[in-house]
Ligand code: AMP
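One chain comes next, on its own, written as structure tokens: the form predicted alone.
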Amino acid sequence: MDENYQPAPAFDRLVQDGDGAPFFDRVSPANFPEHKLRYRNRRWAGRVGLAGLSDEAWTDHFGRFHALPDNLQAPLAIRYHGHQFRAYNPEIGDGRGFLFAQLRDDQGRLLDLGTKGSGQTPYSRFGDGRLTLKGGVREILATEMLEALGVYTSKSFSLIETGEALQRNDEPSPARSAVLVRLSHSHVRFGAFQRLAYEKDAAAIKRLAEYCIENFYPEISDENNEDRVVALFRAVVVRTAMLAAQWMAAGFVHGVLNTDNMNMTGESFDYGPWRFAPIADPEFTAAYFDQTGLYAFGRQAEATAWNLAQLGGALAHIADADALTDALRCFGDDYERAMAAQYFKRLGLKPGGADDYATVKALLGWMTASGAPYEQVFYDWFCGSQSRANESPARDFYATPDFAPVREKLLAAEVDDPERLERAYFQRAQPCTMLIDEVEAIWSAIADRDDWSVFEEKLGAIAEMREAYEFKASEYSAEPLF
């Protein structure tokens, strides 16, 4: 281990004995026939003191799941329930993943190393507990792109191909298998509280809430227990509003915004049928099975607010329901402020005040009506660069009379750090994008020829974009966002 490795096992301390009830079950990882290391996140490994691991040691820890020193000695499958497309499901939990380790990064934050595709658990139901290699590749592409675009997201930490042939209904079978390790700030889902409420275990709800306060929101006052819980919920409302705005500003559609896919730090995670929107179409969906558009691009804020209401209902077992409702009523205003903040950040502009949200609405209204390419617009107008926009492949969109009032608003805003435009990324004619045809082309090279060069080339382009924008989406502060 590197000298800055800081093990910090904490979740298993929620219980006093060997039994993890009602929070988790101790489980064993699958024994895989092969271990081919396909991806390791060296940048984030350095931030958590694991950069010095050899490939062999890396595979031992993140493919065979030998415990990290002074860390969790057995993986923990977290217990939770959840609303899935608004229908409550009491039979879910960590069904193909577990919490493997906890450690602190160079900011002192408690971070979790969790898995996907690591084998069956008591919550696998009829699933095999495995992950397709394609699913792992897609998650890496999603997290890298989102981090570069300013979304507070989990990080894809490791991907190891495991040599099994999986049968799947949603892709050609047999499918290649893999195990993914994620690095995230929180493994505590809304659904963990929902399960405890379903079981009417108020004492456990209180213990889990205190865990969240201590590890994620230590700034919350301790005037009395009930006020602490309301303050926790208020903080989660703000963070979740910011997350919804970050998805919108990135042009991202998560696809499956169930309550078990949202967590207590407002961090985006768990990527299945995600998509980036080619244009600002509010009805654009990511999942083929989302036939009513419940989680469409333009309904993501509504979905997160509904999920927050379910979390509030669970917390009402230990806090005043009216106070929790008041905290949730702030979501609309929080979201508008977050939209203004995130869109101005993506445009390289400094927030100016009360009219910022009106500028965002005008921009989105024009983008929706015109069908202008989503990412290209932000690239062209970054730091109010009209000269770059005039030379863009999308310049005809900006020549219409409908764009004139939007241009006026954009050019009236103060530019933030325009020196960024001198960087190599902004010398391109077009931005780095991650549309579905690009994702499929990357996977086709791997599936057809075991050619990982297209994948590596895309990760290199994303890294250049991340360094050019410097959004620092991975930095987390306990300070209020507004």
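It should be emphasised that the depicted structure is a prediction, and the values quoted were computed from it without experimental measurement. Residue numbers run from 1 along the displayed sequence.
One more form of this protein exists, namely the form predicted in complex with the named molecule; it is left out here, but the text below deals with it.
Heavy atoms within 4.5 Å of the named molecule in the predicted bound form belong, among the stretches 257-265, 298-306, 396-404, 365-373, to residues of 257-265. Three-residue candidate spot His61, Gly135 and Glu164; no residue lies within 4.5 angstroms of the named molecule in the predicted bound form by any non-hydrogen atom. With the partner omitted here, the residue from Glu336, Asp128, Asp290, Asp356 that has a non-hydrogen atom within 4.5 angstroms of the named molecule in the predicted bound form is Asp128. This chain is displayed alone, yet in the predicted bound form one of Ser184, Thr285, Ser124, Ser392 has a heavy atom within 4.5 Å of the named molecule; that residue is Ser124. In the predicted bound form, Tyr80 approaches the named molecule with a heavy atom inside 4.5 Å.
When contacts are judged by a 4.5 Å heavy atom cut-off, Ala340 does not count as touching the named molecule in the predicted bound form. The named molecule in the predicted bound form is approached by Gln84, whose closest heavy atom lies within 4.5 angstroms of it. Taking the partner from elsewhere, Arg207 is found to have every heavy atom lying beyond 4.5 Å of the named molecule in the predicted bound form. In sequence order, Tyr80, Gln84, Ile92, Gly93, Asp94, Gly95, Arg96 are the residues of 74-96 having a heavy atom within 4.5 Å of the named molecule in the predicted bound form; the partner itself is omitted from this view.
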